[in-house]
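Single chain ahead, by itself, as structure tokens, in the form predicted on its own.
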């Protein structure tokens, strides 16, 4: 069962930053998960929230800020003064430095915007530019994003994210796979034996989010999940070793 560092090693380091991604690699994560958004002037930056307020010293929505304005923000200081000066990375920077060293799951987070192909198309272009078709996964709660990715390059692996509980019931249902999707990414408490077996029998992987408790990690391992997303990849890796799950 693979370990993906959720927003990088986000339990210890500022989420969605190069430091968090580098530390995830050092911790032995199989992959990292990150969130992609477009700035006002069309640059793909790494940010989970629609606004920069929670994780930086700035204010405003990402889509209303220019790339230059985004670059001037501090993405580390709210995690602690020791991280002061950490910058918001761009997707191209992540691909350039870490591409090929581990799996990279890019979540397309244009949820507060109209339905368009811009983010999906630019992401595919970068994946192709850095020759990472075999090591990048594109995921989204918005099904159309995955359709757009597959339209542009059907060889890129896509994962459909499912919200927790009833809100994610349709995404978890078989009927929602009307176009080729390579994986389902459900919330960990919604991940059970029948779901995993059904998806795997259809050739899809199941990667559960966001799993931090060792008891839940063990349960998902025993159920046969393909991967977990976790905030603490080092803790998960150490648990694997202690439980001899690496053998």
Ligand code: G3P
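Positions refer to the first chain, counted from 1. Please read all numbers here as calculations on a predicted model, not as lab measurements.
Below, we refer to the form predicted together with ligand G3P, which is not included among the displayed structures.
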(request) Among 217-225, 33-41, 62-70, 197-205, mark the stretch whose residues have heavy atoms within 4.5 Å of ligand G3P in the predicted bound form. (result) 33-41
(message) Check for me: heavy atom within 4.5 Å of ligand G3P in the predicted bound form, for each of 7, 161 and 210, yes or no.
(response) yes
(message) Considering non-hydrogen atoms and a 4.5 Å limit, does ligand G3P approach residue 13 in the predicted bound form?
(response) no
(message) How about residue 86 - does it come within 4.5 Å of ligand G3P in the predicted bound form, if we only consider non-hydrogen atoms?
(response) no
(message) Since only the chain is shown here, I'm wondering whether residue 143 would be in contact with ligand G3P in the predicted bound form (any heavy atom pair within 4.5 Å).
(response) no
